[in-house]
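As C-alpha coordinates, the next two blocks hold two forms of the same chain, structure 1 and structure 2.
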Structure 1
Amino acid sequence: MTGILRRVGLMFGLPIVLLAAWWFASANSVDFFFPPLSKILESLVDEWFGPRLAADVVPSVLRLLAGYLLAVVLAVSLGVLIGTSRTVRGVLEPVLEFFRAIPPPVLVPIFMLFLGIGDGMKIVVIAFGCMWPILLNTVEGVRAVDSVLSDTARTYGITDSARLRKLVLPAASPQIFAGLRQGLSVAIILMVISELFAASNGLGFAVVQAQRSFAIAETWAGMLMLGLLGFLLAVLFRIVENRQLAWYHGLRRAQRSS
(Lines of atoms letter the chains of each structure in order from A and count residues from 1; the text may use other names and numbers.)
(Lines give C-alpha, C1' and ligand atoms only; values in the text may rest on other atoms or scores of the structure.)
Protein backbone atom coordinates (compact mmCIF):
# COMPACT_ATOMS: atom_id res chain seq x y z
CA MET A 1 0.00 0.00 0.00
CA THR A 2 2.72 2.42 0.98
CA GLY A 3 4.57 1.23 -2.12
CA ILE A 4 1.72 2.37 -4.34
CA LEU A 5 1.41 5.67 -2.49
CA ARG A 6 5.11 6.22 -2.89
CA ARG A 7 4.99 5.55 -6.60
CA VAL A 8 2.00 7.81 -7.16
CA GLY A 9 3.70 10.52 -5.12
CA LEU A 10 6.90 10.22 -7.14
CA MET A 11 5.02 10.24 -10.43
CA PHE A 12 2.87 13.29 -9.77
CA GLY A 13 4.96 15.09 -7.17
CA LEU A 14 7.32 17.04 -9.39
CA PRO A 15 4.79 17.91 -12.13
CA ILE A 16 2.40 19.25 -9.49
CA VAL A 17 5.13 21.28 -7.81
CA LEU A 18 6.25 22.71 -11.17
CA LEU A 19 2.72 23.57 -12.27
CA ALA A 20 1.96 25.14 -8.90
CA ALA A 21 5.15 27.17 -9.13
CA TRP A 22 4.19 28.39 -12.60
CA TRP A 23 0.62 29.10 -11.43
CA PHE A 24 1.62 31.19 -8.43
CA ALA A 25 4.65 32.86 -9.99
CA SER A 26 2.54 34.08 -12.90
CA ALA A 27 -0.71 34.66 -10.99
CA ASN A 28 -0.43 38.43 -10.87
CA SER A 29 1.91 38.75 -13.78
CA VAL A 30 1.51 41.90 -15.80
CA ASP A 31 4.48 41.01 -17.99
CA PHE A 32 3.19 41.10 -21.52
CA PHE A 33 5.05 37.97 -22.58
CA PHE A 34 4.28 35.84 -19.54
CA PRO A 35 0.56 35.95 -18.88
CA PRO A 36 -0.91 34.18 -15.84
CA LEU A 37 -1.21 30.42 -16.25
CA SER A 38 -4.93 30.68 -15.51
CA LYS A 39 -5.36 32.78 -18.66
CA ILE A 40 -3.35 30.34 -20.72
CA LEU A 41 -5.38 27.36 -19.55
CA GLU A 42 -8.58 29.27 -20.16
CA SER A 43 -7.50 29.86 -23.74
CA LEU A 44 -6.44 26.23 -24.10
CA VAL A 45 -9.87 25.00 -23.10
CA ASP A 46 -11.93 27.69 -24.83
CA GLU A 47 -9.99 27.97 -28.07
CA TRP A 48 -7.95 24.86 -28.66
CA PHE A 49 -10.38 22.33 -27.29
CA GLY A 50 -13.23 24.44 -28.67
CA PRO A 51 -13.66 25.60 -32.27
CA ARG A 52 -10.00 25.20 -33.17
CA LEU A 53 -9.96 21.48 -32.49
CA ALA A 54 -11.93 20.66 -35.62
CA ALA A 55 -10.72 23.64 -37.64
CA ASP A 56 -6.98 23.38 -37.03
CA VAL A 57 -5.88 20.44 -34.93
CA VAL A 58 -7.70 17.70 -36.83
CA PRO A 59 -6.46 18.73 -40.32
CA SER A 60 -2.91 18.88 -38.99
CA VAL A 61 -3.11 15.45 -37.43
CA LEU A 62 -4.67 13.94 -40.55
CA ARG A 63 -1.88 15.31 -42.74
CA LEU A 64 0.66 14.02 -40.25
CA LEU A 65 -0.83 10.52 -40.27
CA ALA A 66 -1.18 10.44 -44.06
CA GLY A 67 2.43 11.49 -44.59
CA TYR A 68 3.76 9.19 -41.89
CA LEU A 69 1.87 6.11 -43.12
CA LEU A 70 2.97 6.79 -46.69
CA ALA A 71 6.58 6.99 -45.50
CA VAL A 72 6.28 3.80 -43.43
CA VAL A 73 4.89 1.73 -46.30
CA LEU A 74 7.41 3.08 -48.81
CA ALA A 75 10.42 2.96 -46.54
CA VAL A 76 9.86 -0.50 -45.10
CA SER A 77 9.21 -2.12 -48.48
CA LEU A 78 12.15 -0.34 -50.12
CA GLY A 79 14.29 -1.11 -47.07
CA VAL A 80 13.60 -4.85 -47.34
CA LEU A 81 14.44 -4.81 -51.05
CA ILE A 82 17.64 -2.84 -50.56
CA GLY A 83 18.69 -4.72 -47.45
CA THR A 84 18.50 -8.17 -49.03
CA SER A 85 20.96 -7.44 -51.82
CA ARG A 86 24.54 -6.63 -51.00
CA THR A 87 25.16 -4.94 -54.31
CA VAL A 88 22.07 -2.73 -54.23
CA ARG A 89 22.96 -1.77 -50.67
CA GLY A 90 26.48 -0.86 -51.67
CA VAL A 91 25.30 1.32 -54.55
CA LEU A 92 22.55 3.13 -52.66
CA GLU A 93 23.91 3.52 -49.14
CA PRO A 94 25.95 6.74 -49.67
CA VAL A 95 23.07 8.27 -51.62
CA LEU A 96 20.61 7.42 -48.84
CA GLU A 97 22.97 8.72 -46.16
CA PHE A 98 23.16 11.99 -48.05
CA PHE A 99 19.39 12.32 -48.24
CA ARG A 100 19.06 11.53 -44.57
CA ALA A 101 21.63 14.21 -43.71
CA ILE A 102 19.65 17.00 -45.38
CA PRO A 103 17.75 18.83 -42.63
CA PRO A 104 14.17 17.94 -43.65
CA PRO A 105 12.68 21.44 -43.19
CA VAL A 106 14.79 22.84 -46.04
CA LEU A 107 12.70 20.68 -48.33
CA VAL A 108 9.60 22.78 -47.70
CA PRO A 109 10.65 25.74 -49.87
CA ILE A 110 11.81 23.33 -52.59
CA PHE A 111 8.66 21.22 -52.64
CA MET A 112 6.56 24.38 -52.61
CA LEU A 113 8.02 25.15 -56.04
CA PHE A 114 6.32 22.32 -57.84
CA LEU A 115 3.63 21.13 -55.49
CA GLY A 116 2.13 24.45 -54.53
CA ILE A 117 0.97 25.03 -50.99
CA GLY A 118 -1.92 22.63 -50.61
CA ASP A 119 -2.39 19.52 -48.50
CA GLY A 120 -0.55 17.47 -51.10
CA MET A 121 2.67 19.42 -50.60
CA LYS A 122 2.47 19.06 -46.83
CA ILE A 123 1.84 15.32 -46.96
CA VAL A 124 4.67 14.79 -49.45
CA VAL A 125 7.06 16.89 -47.34
CA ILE A 126 6.19 14.90 -44.21
CA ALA A 127 6.52 11.58 -46.03
CA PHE A 128 9.78 12.53 -47.75
CA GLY A 129 11.34 13.85 -44.56
CA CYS A 130 10.58 10.98 -42.23
CA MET A 131 11.27 8.30 -44.79
CA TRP A 132 15.06 8.23 -44.47
CA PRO A 133 15.51 7.18 -40.84
CA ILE A 134 12.92 4.41 -41.34
CA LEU A 135 14.50 3.31 -44.60
CA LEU A 136 18.07 3.20 -43.31
CA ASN A 137 17.10 1.40 -40.11
CA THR A 138 15.13 -1.17 -42.10
CA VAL A 139 18.08 -1.74 -44.41
CA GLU A 140 20.36 -2.20 -41.42
CA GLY A 141 17.90 -4.51 -39.65
CA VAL A 142 17.38 -6.69 -42.71
CA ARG A 143 21.11 -6.85 -43.33
CA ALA A 144 21.73 -8.08 -39.80
CA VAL A 145 19.29 -11.02 -39.95
CA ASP A 146 21.05 -14.08 -38.60
CA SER A 147 22.55 -15.75 -41.65
CA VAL A 148 22.28 -19.23 -40.09
CA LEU A 149 18.54 -18.72 -39.64
CA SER A 150 18.00 -17.48 -43.17
CA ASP A 151 20.14 -20.29 -44.63
CA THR A 152 18.20 -22.82 -42.59
CA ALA A 153 14.91 -21.38 -43.77
CA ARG A 154 16.12 -21.57 -47.34
CA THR A 155 17.32 -25.16 -46.96
CA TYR A 156 13.94 -26.19 -45.63
CA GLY A 157 12.41 -24.79 -48.77
CA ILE A 158 10.47 -22.04 -47.06
CA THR A 159 9.13 -19.72 -49.72
CA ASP A 160 10.24 -16.14 -50.10
CA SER A 161 7.01 -14.62 -48.86
CA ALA A 162 6.87 -16.87 -45.80
CA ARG A 163 10.51 -16.12 -45.07
CA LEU A 164 9.76 -12.41 -45.29
CA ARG A 165 6.82 -12.60 -42.90
CA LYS A 166 8.15 -15.15 -40.43
CA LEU A 167 11.85 -14.39 -40.39
CA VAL A 168 13.08 -11.19 -42.01
CA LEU A 169 10.47 -8.72 -40.76
CA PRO A 170 10.34 -10.02 -37.17
CA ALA A 171 14.13 -10.19 -36.96
CA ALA A 172 14.48 -6.65 -38.26
CA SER A 173 11.58 -5.25 -36.25
CA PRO A 174 13.53 -3.88 -33.23
CA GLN A 175 15.66 -1.87 -35.64
CA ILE A 176 12.66 -0.89 -37.75
CA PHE A 177 10.90 0.43 -34.66
CA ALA A 178 13.92 2.52 -33.76
CA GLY A 179 13.61 4.08 -37.22
CA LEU A 180 9.86 4.49 -36.86
CA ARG A 181 10.31 6.42 -33.63
CA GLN A 182 12.86 8.79 -35.17
CA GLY A 183 10.60 9.17 -38.18
CA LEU A 184 7.66 10.11 -36.00
CA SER A 185 9.46 12.98 -34.33
CA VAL A 186 10.64 14.26 -37.73
CA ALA A 187 7.05 14.01 -38.96
CA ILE A 188 5.77 16.19 -36.12
CA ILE A 189 8.44 18.80 -36.83
CA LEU A 190 7.52 18.83 -40.51
CA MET A 191 3.81 19.01 -39.76
CA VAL A 192 4.43 22.29 -37.96
CA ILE A 193 7.05 23.69 -40.36
CA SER A 194 5.03 22.95 -43.49
CA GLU A 195 2.20 25.02 -42.03
CA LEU A 196 4.40 27.96 -41.14
CA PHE A 197 5.12 28.83 -44.75
CA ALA A 198 1.80 28.77 -46.39
CA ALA A 199 -1.42 27.45 -45.05
CA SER A 200 -4.97 28.37 -44.33
CA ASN A 201 -5.45 26.04 -41.41
CA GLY A 202 -3.50 23.78 -39.08
CA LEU A 203 -1.96 23.81 -35.65
CA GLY A 204 1.31 25.41 -36.70
CA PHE A 205 -0.49 28.00 -38.79
CA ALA A 206 -2.86 28.92 -35.94
CA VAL A 207 -0.07 29.23 -33.37
CA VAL A 208 1.90 31.55 -35.61
CA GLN A 209 -1.22 33.57 -36.42
CA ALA A 210 -1.75 34.01 -32.70
CA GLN A 211 1.86 35.03 -32.21
CA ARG A 212 1.76 37.53 -35.09
CA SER A 213 -1.34 39.17 -33.68
CA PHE A 214 0.29 39.23 -30.24
CA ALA A 215 -2.41 37.04 -28.69
CA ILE A 216 0.11 35.91 -26.11
CA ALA A 217 -2.06 33.68 -23.95
CA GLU A 218 -3.34 31.92 -27.04
CA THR A 219 0.21 31.46 -28.32
CA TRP A 220 1.26 29.82 -25.07
CA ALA A 221 -1.88 27.67 -25.14
CA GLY A 222 -1.10 26.61 -28.70
CA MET A 223 2.40 25.60 -27.63
CA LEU A 224 0.91 23.54 -24.81
CA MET A 225 -1.42 21.93 -27.34
CA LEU A 226 1.54 21.03 -29.57
CA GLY A 227 3.30 19.59 -26.53
CA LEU A 228 0.25 17.54 -25.60
CA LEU A 229 0.01 16.25 -29.15
CA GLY A 230 3.68 15.23 -29.17
CA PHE A 231 3.28 13.52 -25.82
CA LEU A 232 0.11 11.70 -26.89
CA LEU A 233 1.71 10.40 -30.08
CA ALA A 234 4.74 9.22 -28.10
CA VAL A 235 2.48 7.32 -25.69
CA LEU A 236 0.53 5.71 -28.55
CA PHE A 237 3.78 4.76 -30.22
CA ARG A 238 5.05 3.21 -27.00
CA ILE A 239 1.91 1.08 -26.66
CA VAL A 240 2.18 -0.24 -30.21
CA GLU A 241 5.89 -0.86 -29.84
CA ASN A 242 5.54 -2.71 -26.55
CA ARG A 243 2.93 -5.00 -28.08
CA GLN A 244 4.95 -5.71 -31.20
CA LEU A 245 8.31 -6.06 -29.51
CA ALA A 246 7.19 -7.84 -26.32
CA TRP A 247 9.18 -10.92 -27.36
CA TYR A 248 12.29 -8.84 -27.93
CA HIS A 249 12.16 -6.98 -24.62
CA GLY A 250 11.60 -10.32 -22.85
CA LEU A 251 14.57 -11.82 -24.66
CA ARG A 252 16.83 -8.91 -23.70
CA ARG A 253 15.77 -9.11 -20.07
CA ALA A 254 16.48 -12.83 -20.02
CA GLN A 255 19.90 -12.24 -21.57
CA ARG A 256 20.73 -9.51 -19.11
CA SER A 257 19.81 -11.47 -16.04
CA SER A 258 21.62 -14.61 -17.11
Structure 2
Amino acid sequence: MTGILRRVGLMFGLPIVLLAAWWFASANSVDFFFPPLSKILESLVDEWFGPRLAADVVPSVLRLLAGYLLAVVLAVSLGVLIGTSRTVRGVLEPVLEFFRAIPPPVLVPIFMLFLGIGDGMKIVVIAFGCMWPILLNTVEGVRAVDSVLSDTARTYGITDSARLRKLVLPAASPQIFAGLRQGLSVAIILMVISELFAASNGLGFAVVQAQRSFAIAETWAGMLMLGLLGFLLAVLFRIVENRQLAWYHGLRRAQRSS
Protein backbone atom coordinates (compact mmCIF):
# COMPACT_ATOMS: atom_id res chain seq x y z
CA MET A 1 0.00 0.00 0.00
CA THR A 2 2.84 2.36 0.84
CA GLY A 3 4.49 1.62 -2.52
CA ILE A 4 1.29 2.43 -4.40
CA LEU A 5 0.87 5.73 -2.53
CA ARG A 6 4.48 6.59 -3.24
CA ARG A 7 4.05 5.97 -6.98
CA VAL A 8 0.84 8.01 -7.06
CA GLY A 9 2.57 10.83 -5.21
CA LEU A 10 5.47 10.82 -7.66
CA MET A 11 3.08 10.76 -10.61
CA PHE A 12 0.79 13.59 -9.50
CA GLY A 13 3.06 15.59 -7.21
CA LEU A 14 4.75 17.82 -9.79
CA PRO A 15 1.56 18.46 -11.86
CA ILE A 16 -0.26 19.55 -8.68
CA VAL A 17 2.59 21.88 -7.73
CA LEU A 18 2.67 23.41 -11.22
CA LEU A 19 -1.11 23.89 -11.30
CA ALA A 20 -1.03 25.51 -7.86
CA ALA A 21 1.74 27.87 -8.98
CA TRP A 22 -0.22 28.71 -12.14
CA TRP A 23 -3.38 29.28 -10.10
CA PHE A 24 -1.79 31.80 -7.72
CA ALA A 25 0.35 33.48 -10.39
CA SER A 26 -2.66 34.13 -12.64
CA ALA A 27 -5.27 34.75 -9.93
CA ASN A 28 -5.38 38.54 -10.48
CA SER A 29 -4.50 38.52 -14.18
CA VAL A 30 -6.34 41.03 -16.36
CA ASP A 31 -4.31 40.16 -19.48
CA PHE A 32 -6.68 39.18 -22.29
CA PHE A 33 -4.31 36.49 -23.60
CA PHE A 34 -3.43 35.02 -20.19
CA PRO A 35 -6.70 34.67 -18.25
CA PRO A 36 -6.80 33.28 -14.70
CA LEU A 37 -6.51 29.53 -14.37
CA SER A 38 -9.88 29.48 -12.61
CA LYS A 39 -11.52 30.80 -15.77
CA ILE A 40 -9.68 28.30 -17.93
CA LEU A 41 -10.73 25.39 -15.70
CA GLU A 42 -14.31 26.63 -15.77
CA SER A 43 -14.20 26.61 -19.57
CA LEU A 44 -12.61 23.15 -19.50
CA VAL A 45 -15.47 21.74 -17.45
CA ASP A 46 -18.26 23.58 -19.27
CA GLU A 47 -17.01 23.02 -22.82
CA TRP A 48 -14.65 20.06 -23.04
CA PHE A 49 -16.42 17.90 -20.49
CA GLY A 50 -19.75 19.10 -21.82
CA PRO A 51 -20.97 19.25 -25.43
CA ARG A 52 -17.48 19.11 -26.96
CA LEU A 53 -16.70 15.77 -25.33
CA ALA A 54 -18.91 13.84 -27.75
CA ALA A 55 -18.63 16.30 -30.63
CA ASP A 56 -14.84 16.74 -30.73
CA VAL A 57 -12.94 14.64 -28.19
CA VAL A 58 -14.48 11.25 -29.00
CA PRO A 59 -13.98 11.56 -32.81
CA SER A 60 -10.36 12.58 -32.24
CA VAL A 61 -9.70 9.62 -29.94
CA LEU A 62 -11.32 7.18 -32.38
CA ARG A 63 -9.21 8.48 -35.26
CA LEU A 64 -6.11 8.34 -33.07
CA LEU A 65 -6.72 4.75 -32.04
CA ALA A 66 -7.55 3.64 -35.59
CA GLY A 67 -4.39 5.19 -37.03
CA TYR A 68 -2.22 3.95 -34.18
CA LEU A 69 -3.50 0.37 -34.37
CA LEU A 70 -3.06 0.34 -38.15
CA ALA A 71 0.52 1.54 -37.70
CA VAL A 72 1.19 -1.12 -35.05
CA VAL A 73 -0.02 -3.97 -37.29
CA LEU A 74 1.90 -2.75 -40.35
CA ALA A 75 5.09 -1.74 -38.53
CA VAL A 76 5.45 -4.86 -36.36
CA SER A 77 4.68 -7.21 -39.26
CA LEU A 78 7.09 -5.46 -41.61
CA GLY A 79 9.69 -5.04 -38.87
CA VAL A 80 9.71 -8.78 -38.10
CA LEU A 81 10.07 -9.56 -41.81
CA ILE A 82 12.93 -7.10 -42.28
CA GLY A 83 14.65 -8.12 -39.06
CA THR A 84 14.63 -11.82 -39.88
CA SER A 85 15.57 -11.62 -43.57
CA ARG A 86 18.79 -9.98 -44.74
CA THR A 87 17.57 -10.07 -48.34
CA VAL A 88 14.32 -8.26 -47.57
CA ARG A 89 16.23 -5.74 -45.47
CA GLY A 90 18.62 -5.01 -48.33
CA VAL A 91 15.76 -4.49 -50.80
CA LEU A 92 13.43 -2.41 -48.62
CA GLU A 93 15.85 -0.36 -46.54
CA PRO A 94 16.57 2.37 -49.17
CA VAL A 95 12.85 2.85 -49.89
CA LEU A 96 11.94 2.94 -46.21
CA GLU A 97 14.69 5.45 -45.46
CA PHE A 98 13.34 7.67 -48.25
CA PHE A 99 9.79 7.68 -46.90
CA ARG A 100 10.94 7.98 -43.30
CA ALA A 101 12.71 11.24 -44.14
CA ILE A 102 9.49 12.85 -45.39
CA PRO A 103 7.65 14.79 -42.63
CA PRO A 104 4.06 13.45 -42.43
CA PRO A 105 2.43 16.95 -42.34
CA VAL A 106 3.92 17.65 -45.78
CA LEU A 107 1.98 14.70 -47.19
CA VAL A 108 -1.39 15.86 -45.87
CA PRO A 109 -2.32 17.75 -49.09
CA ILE A 110 -1.35 14.69 -51.17
CA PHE A 111 -3.39 12.37 -48.97
CA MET A 112 -6.30 14.79 -49.30
CA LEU A 113 -6.14 14.50 -53.11
CA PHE A 114 -6.42 10.71 -53.02
CA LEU A 115 -8.46 10.11 -49.86
CA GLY A 116 -10.56 13.25 -49.56
CA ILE A 117 -11.03 15.22 -46.38
CA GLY A 118 -12.82 12.59 -44.31
CA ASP A 119 -11.65 10.40 -41.46
CA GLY A 120 -9.74 8.11 -43.81
CA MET A 121 -7.21 10.81 -44.63
CA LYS A 122 -6.63 11.64 -40.98
CA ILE A 123 -6.21 7.98 -40.03
CA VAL A 124 -3.65 7.44 -42.81
CA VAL A 125 -1.69 10.54 -41.74
CA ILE A 126 -1.54 9.28 -38.16
CA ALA A 127 -0.60 5.74 -39.23
CA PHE A 128 2.08 6.92 -41.67
CA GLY A 129 3.76 9.16 -39.13
CA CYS A 130 3.76 6.96 -36.06
CA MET A 131 4.74 3.70 -37.78
CA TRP A 132 8.40 4.64 -38.22
CA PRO A 133 9.58 4.51 -34.59
CA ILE A 134 7.65 1.26 -34.17
CA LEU A 135 9.14 -0.22 -37.34
CA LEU A 136 12.73 0.76 -36.57
CA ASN A 137 12.57 -0.49 -32.98
CA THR A 138 10.98 -3.76 -34.11
CA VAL A 139 13.74 -4.33 -36.67
CA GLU A 140 16.45 -3.65 -34.10
CA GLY A 141 14.73 -5.81 -31.49
CA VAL A 142 14.40 -8.76 -33.87
CA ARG A 143 18.00 -8.43 -35.06
CA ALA A 144 19.21 -8.41 -31.44
CA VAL A 145 17.70 -11.83 -30.65
CA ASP A 146 20.41 -14.17 -29.37
CA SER A 147 21.73 -16.10 -32.35
CA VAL A 148 22.63 -19.07 -30.13
CA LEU A 149 19.01 -19.42 -29.04
CA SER A 150 17.84 -19.11 -32.65
CA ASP A 151 20.27 -21.78 -33.82
CA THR A 152 19.30 -24.06 -30.94
CA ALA A 153 15.59 -23.71 -31.76
CA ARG A 154 16.31 -24.42 -35.42
CA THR A 155 18.43 -27.45 -34.53
CA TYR A 156 15.61 -28.94 -32.48
CA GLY A 157 13.27 -28.61 -35.44
CA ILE A 158 11.03 -25.91 -34.02
CA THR A 159 8.93 -24.49 -36.82
CA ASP A 160 9.30 -20.90 -38.00
CA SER A 161 5.88 -19.86 -36.66
CA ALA A 162 6.56 -21.40 -33.24
CA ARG A 163 10.01 -19.82 -33.13
CA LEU A 164 8.46 -16.46 -33.97
CA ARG A 165 5.83 -16.74 -31.21
CA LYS A 166 7.98 -18.30 -28.51
CA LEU A 167 11.39 -16.77 -29.12
CA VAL A 168 11.60 -13.82 -31.52
CA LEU A 169 8.62 -11.73 -30.42
CA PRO A 170 9.15 -12.22 -26.65
CA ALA A 171 12.87 -11.42 -26.95
CA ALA A 172 12.20 -8.34 -29.08
CA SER A 173 9.18 -7.15 -27.08
CA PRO A 174 11.07 -4.66 -24.83
CA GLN A 175 12.42 -2.90 -27.92
CA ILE A 176 9.04 -3.11 -29.65
CA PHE A 177 7.30 -1.50 -26.67
CA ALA A 178 9.87 1.30 -26.71
CA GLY A 179 8.84 1.99 -30.30
CA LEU A 180 5.15 1.74 -29.41
CA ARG A 181 5.63 4.37 -26.71
CA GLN A 182 7.37 6.74 -29.13
CA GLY A 183 4.76 6.08 -31.80
CA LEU A 184 1.93 6.97 -29.42
CA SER A 185 3.46 10.40 -28.76
CA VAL A 186 3.81 11.01 -32.50
CA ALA A 187 0.22 9.84 -33.08
CA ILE A 188 -1.16 12.45 -30.67
CA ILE A 189 0.73 15.22 -32.48
CA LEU A 190 -0.41 14.05 -35.91
CA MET A 191 -3.99 13.71 -34.69
CA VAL A 192 -4.00 17.45 -34.01
CA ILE A 193 -2.17 18.33 -37.24
CA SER A 194 -4.50 16.25 -39.41
CA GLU A 195 -7.50 18.05 -37.91
CA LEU A 196 -6.17 21.46 -38.94
CA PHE A 197 -6.92 20.71 -42.60
CA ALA A 198 -10.50 20.84 -43.86
CA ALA A 199 -11.93 19.32 -40.67
CA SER A 200 -15.36 19.82 -39.14
CA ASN A 201 -14.70 18.36 -35.70
CA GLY A 202 -11.90 17.15 -33.45
CA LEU A 203 -9.61 18.61 -30.83
CA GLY A 204 -7.30 20.31 -33.30
CA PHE A 205 -10.21 21.82 -35.20
CA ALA A 206 -11.92 23.08 -32.05
CA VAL A 207 -8.76 24.66 -30.63
CA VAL A 208 -8.05 26.51 -33.88
CA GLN A 209 -11.65 27.68 -34.11
CA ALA A 210 -11.48 29.01 -30.56
CA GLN A 211 -8.20 30.80 -31.33
CA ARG A 212 -9.61 32.37 -34.50
CA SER A 213 -12.68 33.63 -32.64
CA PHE A 214 -10.46 35.02 -29.82
CA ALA A 215 -12.03 32.69 -27.25
CA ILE A 216 -8.78 32.65 -25.29
CA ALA A 217 -10.01 30.74 -22.24
CA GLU A 218 -11.46 28.03 -24.51
CA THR A 219 -8.15 27.86 -26.40
CA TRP A 220 -6.17 27.34 -23.20
CA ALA A 221 -8.77 24.81 -22.05
CA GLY A 222 -8.36 22.91 -25.32
CA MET A 223 -4.62 22.68 -24.79
CA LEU A 224 -5.19 21.41 -21.25
CA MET A 225 -7.57 18.82 -22.70
CA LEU A 226 -4.87 17.67 -25.10
CA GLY A 227 -2.45 17.36 -22.19
CA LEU A 228 -4.96 15.37 -20.16
CA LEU A 229 -5.63 13.07 -23.10
CA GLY A 230 -1.91 12.47 -23.60
CA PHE A 231 -1.42 11.81 -19.90
CA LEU A 232 -4.34 9.35 -19.77
CA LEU A 233 -3.09 7.46 -22.84
CA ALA A 234 0.42 7.32 -21.36
CA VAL A 235 -0.92 5.87 -18.09
CA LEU A 236 -2.98 3.25 -19.95
CA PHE A 237 0.02 2.37 -22.09
CA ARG A 238 2.20 2.00 -18.99
CA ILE A 239 -0.34 -0.39 -17.44
CA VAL A 240 -0.37 -2.56 -20.58
CA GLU A 241 3.41 -2.44 -20.87
CA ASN A 242 3.94 -3.44 -17.23
CA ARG A 243 1.54 -6.33 -17.66
CA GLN A 244 3.08 -7.63 -20.89
CA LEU A 245 6.69 -7.08 -19.83
CA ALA A 246 6.35 -8.19 -16.22
CA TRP A 247 8.97 -10.91 -16.83
CA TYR A 248 11.41 -8.37 -18.26
CA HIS A 249 11.04 -5.85 -15.44
CA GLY A 250 11.32 -8.67 -12.89
CA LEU A 251 14.53 -9.87 -14.54
CA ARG A 252 16.02 -6.37 -14.45
CA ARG A 253 15.11 -5.94 -10.77
CA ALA A 254 16.74 -9.30 -10.01
CA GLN A 255 19.88 -8.27 -11.89
CA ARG A 256 20.08 -4.96 -10.02
CA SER A 257 19.64 -6.63 -6.63
CA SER A 258 22.24 -9.32 -7.30
Partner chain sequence: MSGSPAVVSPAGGSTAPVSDTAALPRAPRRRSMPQAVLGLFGLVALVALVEILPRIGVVPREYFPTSSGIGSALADLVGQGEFWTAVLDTLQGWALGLAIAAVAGVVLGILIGSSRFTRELTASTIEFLRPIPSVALIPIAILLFGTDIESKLLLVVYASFWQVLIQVLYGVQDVDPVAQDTARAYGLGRWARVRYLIWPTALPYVMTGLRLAAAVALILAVTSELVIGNPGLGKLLATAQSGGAIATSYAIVVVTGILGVLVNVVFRVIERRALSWHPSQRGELPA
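Heads up, when I say rigid core I mean the largest set of C-alphas that superpose within 1.5 Å between the two forms. Along the sequence of structure 1, residues get numbers from 1 upward. All values reported here derive from a predicted model rather than from experimental measurement.
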Seminar exercise, completed: In this pair the form predicted alone turns out to be structure 2
For this session: Spell out whether the Cα of residue 107 moves at least 2 Å between the two structures when the two forms are superposed on their rigid core.
Result: yes
Problem set entry | Displaced residue check between the two structures: residue 19, CA, 2 Å or over, core reference | yes
